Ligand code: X8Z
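Read the single chain below, which is given as structure tokens and is the form predicted alone.
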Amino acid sequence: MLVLAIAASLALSACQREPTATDAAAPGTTRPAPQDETADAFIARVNAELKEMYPELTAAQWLSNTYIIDDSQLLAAKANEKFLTSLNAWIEQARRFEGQDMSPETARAINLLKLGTSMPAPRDPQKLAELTRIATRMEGMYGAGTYCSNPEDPSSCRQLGALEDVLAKDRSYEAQLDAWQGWHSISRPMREDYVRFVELVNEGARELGYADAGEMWRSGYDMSPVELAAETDRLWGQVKPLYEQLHCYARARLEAQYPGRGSVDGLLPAHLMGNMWQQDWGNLWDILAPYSQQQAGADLDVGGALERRYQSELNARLARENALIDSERRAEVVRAAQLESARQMTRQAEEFYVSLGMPKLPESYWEKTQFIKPRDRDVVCHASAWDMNMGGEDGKSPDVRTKMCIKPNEEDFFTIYHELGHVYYYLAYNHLPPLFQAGAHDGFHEAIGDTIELAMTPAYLKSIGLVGDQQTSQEALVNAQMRMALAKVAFMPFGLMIDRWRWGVFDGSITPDRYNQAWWELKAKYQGVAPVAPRGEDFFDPGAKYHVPGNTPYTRYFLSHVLQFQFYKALCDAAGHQGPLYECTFAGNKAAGEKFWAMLSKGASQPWQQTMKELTGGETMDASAVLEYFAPLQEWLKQQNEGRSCGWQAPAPAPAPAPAADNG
């Protein structure tokens, strides 16, 4: 993740957090440009100033994410204000080199500087300060979001983690609907802020020469904004038939589970997908598993194994304590067991990377990471990876961290592997100049940990004691493929639609009075998902997904779900794998690890097409490896869906209901 939405993208990268190589907060004002400074000298100066500023920005953002109070929000806003002021000054200073001869490296660095944030700020200091305040406030609203089913009873109040547990584990239709609607109520107060936020970032983007902020976002891929939009459409066209088959199968299973309520005019009910945003259907394994463990002869219950391991640790700790342990002491013991479980899960993920020949995580990682949700304060639980100081090449020890609220379940276990992919990317490229400390493009950053996830085959999971014996059977294969598809394939249309919504918001084709309507139109079009009750403009459902108030561009996640299969295939080839692609795990293979590390170490120092070619042999993104991987599942789904009417008809756009009248 990245750091805070505000400074987002230059060299940072990661799932949620979004600071970038350029994410830095100046202790004072940007130094004036020396007379007769060359372009090369200018970039060297910017890199030095950026690295000096960076720790102050990330420290403020870390504090605002892990200790949500008014004071920390103020510090984060001020730090981002300093950074954006510096960034604007650097970009203005760079204008004097337009049209001049310079090295390709310097020209690339100047272009990356211009694209150094996903939140372009107006030059007007008052508007810039307003923008940072709004961005920090929205992220704080999300992190502190709480739903109380009974406002008179504090014990009924739940935050995102508890509400997600309902969707994951409780099969009561009504309980899931209450939890889903409850979380989606927390974003209502963001709407007014978001409207103003869009106005301000569009003004900043126009001052940089872009039509709007969306066009600026689409300019960071070593291709034109128009080409990028067309490329995402092409890639989605490759995988859409597979998603439609998965959608058809899931709909049939839900209709059997909830007779008469398992679909909404052929679309999947938003609150029944086991995930707050319908982006990962893995929590519906009990409903969607093709074959039972007995039928398949293979145990894939990773979550159950993790929960049993945690309970064993907790019981052992409780047994060592007084049987009449008081509630406060018991809470401390439970927390200690939770922390040990989270650390153990993270150690297991670290071991995979180390087995490839990559370094162990710095000791400071284990000291400073947020592994579990604190008992005493609000935090942003959304998983994220952080590079705090861009250290490594000047004798400074790298300060890398992750921030999660880890629970002993399968989703969090895989998320840890994903987040460590960001961390190892930071470690691999932190020898580069700061402006090149980023992914080849942002989709690369998201794909690293997910490539590792693909190598977490049933054989690998058995080797680390999380699943039982695996029999070679068609049923076991289909189960394993379904487990992966519920995370990977189910995500892809969601990865596309969020930025389709924001591109429309930024270019004005989606106006504020249609924010919610357009959101659900796009979810229907791409995901085939719908709410079971109308969601009018008195709601702001986009804000219930972190990346909207957190201002993290999302196309990166869609692209990563294509790239990870390309990377995986290339690393399997490097490891000498023979046989079907889906059987490959390169855990422990130093040849694959060496090739992977070589790619990571290039950062953003060259066009992504060149980096891609060095790893895969080709220069284009291509989803054919996705289809190769899931070929057995796609054939099985077609057989299961035979005779069914698959696909769905998205409702025709209709006028949005008027906001509810305020009677109070």
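This structure is a prediction, so every number in the text was calculated from the model and none was measured. Note that residue numbering begins at 1 and tracks the sequence as displayed.
As for the form predicted together with L-captopril, it is not shown, yet the points below apply to it.
Interface membership of residue 419, L-captopril in the model of the complex, 4.5 Å heavy atom rule = Output for residue 419 is yes: heavy atoms within 4.5 Å of L-captopril.
Any chance residue 446 has a heavy atom within 4.5 Å of L-captopril in the model of the complex?
-> Taking the distances in the model of the complex, the answer for residue 446 is yes, it comes within 4.5 Å of L-captopril.
Counting only non-hydrogen atoms and a 4.5 angstroms cut-off, does residue 496 reach L-captopril in the model of the complex?
-> Heavy-atom contact with L-captopril at 4.5 Å: absent for residue 496.
Decide whether residue 382 counts as a contact residue for L-captopril in the model of the complex under a heavy atom distance cut-off of 4.5 Å.
-> Because a heavy atom of residue 382 falls inside 4.5 Å of L-captopril in the model of the complex, the answer is yes.
Quick one: of 540, 491, 353, 413, which gets a non-hydrogen atom within 4.5 angstroms of L-captopril in the model of the complex?
-> Filtering the options by heavy-atom distance leaves 491.
Of the residues 554, 180, 565, 221, which one places a heavy atom within 4.5 Å of L-captopril in the model of the complex?
-> Only one option qualifies, and that one is 554.
Where does L-captopril sit in the model of the complex: which of 521-529, 587-595, 166-174, 544-552, heavy atoms within 4.5 Å?
-> Within 4.5 Å of the partner lies stretch 544-552.
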